[in-house]
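There is one chain below, alone, in structure tokens, taken in the form predicted alone.
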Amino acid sequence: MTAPLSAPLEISFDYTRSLGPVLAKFMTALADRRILGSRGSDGRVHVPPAEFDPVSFAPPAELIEVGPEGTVLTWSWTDHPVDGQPLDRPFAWALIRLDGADTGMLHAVDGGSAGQMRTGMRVRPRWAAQTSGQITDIECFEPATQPARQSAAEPAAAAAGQAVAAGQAVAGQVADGAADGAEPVTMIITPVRLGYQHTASTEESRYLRALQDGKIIGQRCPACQKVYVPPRGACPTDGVPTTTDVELPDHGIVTTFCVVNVPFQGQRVATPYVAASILLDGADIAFQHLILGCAPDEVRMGMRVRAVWRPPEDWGTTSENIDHFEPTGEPDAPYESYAHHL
């Protein structure tokens, strides 16, 4: 039996957030190597600052500077860091109550080893060599009892940052804005990435291998005789295996569609363009693909289209073998012929 296909896949995007008045001050202060908290109506100091008081639900009336040192409240050791985590060696995730605060802030602690970590440990921030108004301006926390470790990126800048921190006001001082001359941070962009290994099902693998040969296959349900493309392995209506392969033509009709006008990062086709549900002749379920070769406002329900394949030398086990679909110029299919496939 042929083994199923498997390949690494990655989903990524940049998450952009407008900070608002409270978190904007928090991030701006981080760029200046300061940490702010908010004082609630019950007197407790929250770090990071709460955008709304958890008791009165009003915006915080006061932001104060806390830390920079603090105490580990609880922690969990990470033996095998993964890509994108704060450190590339074993470290602890910890809730840290900074001096002057009443709540814990989650961050990484470069604690050396699990045996050296403990609840009640005194820690201090290790600042990034270059700060920009992100939580990552604090590279991590480190035990306050050991010699300060400079940022690996730029030791001279890190040392300058420690000198700035040494001259800051004590915890509890009112700190409502950015340092003199500092540019307020009002927006942050956080890259989000998920990498994983996808193993195709047996049916999906046959479908992809057929595409490598320039064919489109579906599978027929032995009970209701519906043909599903791509194959599903089992009929969702009858719950029985779909074991009979059916080779389908590379032409069909547009059932529904949408015109994409909004650009996004990584976009391969210039806007505007059409993404459509295409029902191949002989199939009972539509699948998604691009419609090109005509103006977006010319696309319509019932329009006959055919696949435009990439050159055979570029074919692989991928749906991208079909570059897009384009109109055939044939008369539109009557609505009644595809109404039950919408």
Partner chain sequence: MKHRAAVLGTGQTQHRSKRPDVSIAGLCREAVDRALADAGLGLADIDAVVVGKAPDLFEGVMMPELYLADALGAVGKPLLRVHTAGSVGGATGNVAASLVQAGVHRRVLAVAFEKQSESNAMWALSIAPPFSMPLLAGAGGYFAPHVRAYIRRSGAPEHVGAMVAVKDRRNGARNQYAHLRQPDITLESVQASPMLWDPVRYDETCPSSDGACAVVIGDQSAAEAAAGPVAWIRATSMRTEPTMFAGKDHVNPRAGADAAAALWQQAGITDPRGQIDVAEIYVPFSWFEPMWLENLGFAEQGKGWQLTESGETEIGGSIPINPSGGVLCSNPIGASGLLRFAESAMQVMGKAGDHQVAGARTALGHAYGGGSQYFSMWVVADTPD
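Residue numbers count along the first chain shown, from 1. All values derive from a computational prediction rather than experimental measurement.
The same protein has a further form, the form predicted in complex with the partner chain, not shown here; the description that follows concerns it.
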- Message: On the criterion of a non-hydrogen atom at 4.5 angstroms or closer, are 73, 121 and 129 all touching the partner chain in the predicted complex?
- Response: no
- in the predicted complex, the residue from 240, 144, 269, 246 with a non-hydrogen atom within 4.5 Å of the partner chain is 269
- Task: Report the residue, out of 281, 51, 298, 69, that has at least one non-hydrogen atom within 4.5 angstroms of the partner chain in the predicted complex.
- Result: 51
- Item | Close approach of residue 328 to the partner chain in the predicted complex, 4.5 Å, heavy atom | no
- Task: Verify the contact flag for residue 320: yes if a non-hydrogen atom of it lies within 4.5 Å of a non-hydrogen atom of the partner chain in the predicted complex, no if not.
- Result: yes
- Give a yes or no for residue 2: in the predicted complex, does one of its heavy atoms lie within 4.5 Å of a heavy atom belonging to the partner chain? no
- Any chance residue 256 has a heavy atom within 4.5 Å of the partner chain in the predicted complex? yes
- Message: Just to confirm the contact call: exactly one of 256-264, 73-81, 87-95, 212-220 touches the partner chain in the predicted complex at a 4.5 Å heavy atom cutoff, so which is it?
- Response: 256-264
- Message: Could you pull out the residues of 5-41 that have any heavy atom within 4.5 Å of the partner chain in the predicted complex?
- Response: 5, 6, 7, 8, 9, 11, 12, 13, 15, 16, 17, 18, 19, 20, 21
